[in-house]
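Starting off, we have a lone chain in the form predicted alone, written out as structure tokens.
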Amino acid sequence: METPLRAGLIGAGFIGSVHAHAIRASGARLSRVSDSTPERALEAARRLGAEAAAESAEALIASDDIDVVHICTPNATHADLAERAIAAGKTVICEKPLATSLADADRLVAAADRAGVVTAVPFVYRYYPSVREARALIDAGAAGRLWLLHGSYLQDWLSNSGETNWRVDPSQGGGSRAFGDIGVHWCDLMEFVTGHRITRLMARMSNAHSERPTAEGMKSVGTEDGVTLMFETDRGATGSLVASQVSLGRKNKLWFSFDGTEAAYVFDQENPDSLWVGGANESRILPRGPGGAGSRGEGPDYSFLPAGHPQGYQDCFNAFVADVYAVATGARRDGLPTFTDGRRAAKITEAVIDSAKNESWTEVLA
């Protein structure tokens, strides 16, 4: 019987709890957890079912009983913690953004390559069977020539001016919030599904609220509530994206339409068990299941439940973590998002920030 991998979790907030569920679902051990203080780490260990609390993130990374490090802390801490974990020879799963600067992302990719360790960034929307179905159909040529790639990613968790979060502060979250936090998910999904790469873009950032509360009272907001952008790809398509964290009633609506000359494919993360296929004379909805969405390509590998039993975000996260652990033990998995994909997101984010600042079309580094 194989010995289960031993995971260490750094950061025990919302996304940390998602990681903890996925660790257990994969059959690994949640050996240690650390948080902002030793006291909070003890509470988190009890709440999440970890075997022990670590005194600090650094102590967790150095522990001999940790094979995989999960980094779920504020964005500005990612690069340093990931670099330490790589140096310790651990498999590393780092929440996005991989780093708040492209230079740091470049450094992490280079360090991981030198060390030969497995790395991953949770672009987990790749793991919906309906998404894999769209990818397989497009790869098979069923769409014809893709010419228009458009969509949105809308949330409302910051819709009230009295709401705030560490992500609002550029020193903790980075220079972009709405795009850096959720827009990168949409762009990663677009490039993964279509095979197109964004080559240049025009971005505009905006805010619903100019001030939000801080410990010192109401202060000017340093990051955007929303971003709109147009882009061009290396295969001759054009596209657009609207990303917002202040769109009332939208809890987590990631939506895309990839339009080809022969068919269009539409996916909605709030209704993920189906794929809409548009045609000139008729349109179809493919439900997840045998012969439907997720039945082609790698889709069947990620369709765990019978048709009519919805799979959701946690299921995707579980599949992602299971793939990371499989690769860490020598297996191969198609489509695993690695630090290279995290660096790609950093390149696009840098172009979005520069374009919005200069009010101009901006090239995206290859």
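Keep in mind the model is a prediction, meaning the values are calculated, not measured. Residue indices: 1-based, along the sequence shown.
Below, we refer to the form predicted together with alpha-L-sorbopyranose (SOE), which is not included among the displayed structures.
At a distance threshold of 4.5 angstroms between non-hydrogen atoms, Arg212 is out of contact with alpha-L-sorbopyranose (SOE) in the predicted bound form. Of the heavy atoms in Gln155, some are within 4.5 Å of alpha-L-sorbopyranose (SOE) in the predicted bound form. For Tyr125, a non-hydrogen atom is located within 4.5 Å of alpha-L-sorbopyranose (SOE) in the predicted bound form, even though that partner is not displayed. At a distance threshold of 4.5 angstroms between non-hydrogen atoms, Thr119 is out of contact with alpha-L-sorbopyranose (SOE) in the predicted bound form. Across the proposed site, Ile23, Ser26 and His70 without exception lack any heavy atom within 4.5 Å of alpha-L-sorbopyranose (SOE) in the predicted bound form.
This chain is displayed alone, yet in the predicted bound form one of Ser101, Asn160, Asn207, Asn252 has a heavy atom within 4.5 Å of alpha-L-sorbopyranose (SOE); that residue is Asn252. Of the listed positions (Val168, Ile182, Ala112, Met190), a single one reaches within 4.5 angstroms of alpha-L-sorbopyranose (SOE) by any non-hydrogen atom in the predicted bound form, namely Ile182. Segments offered: 220 to 228, 258 to 266, 103 to 111, 147 to 155. Contacting alpha-L-sorbopyranose (SOE) in the predicted bound form at heavy atom distances within 4.5 Å is 147 to 155. Contacts between stretch 232 to 248 and alpha-L-sorbopyranose (SOE), counted in the predicted bound form as any heavy atom lying within 4.5 Å, involve Gln245 alone.
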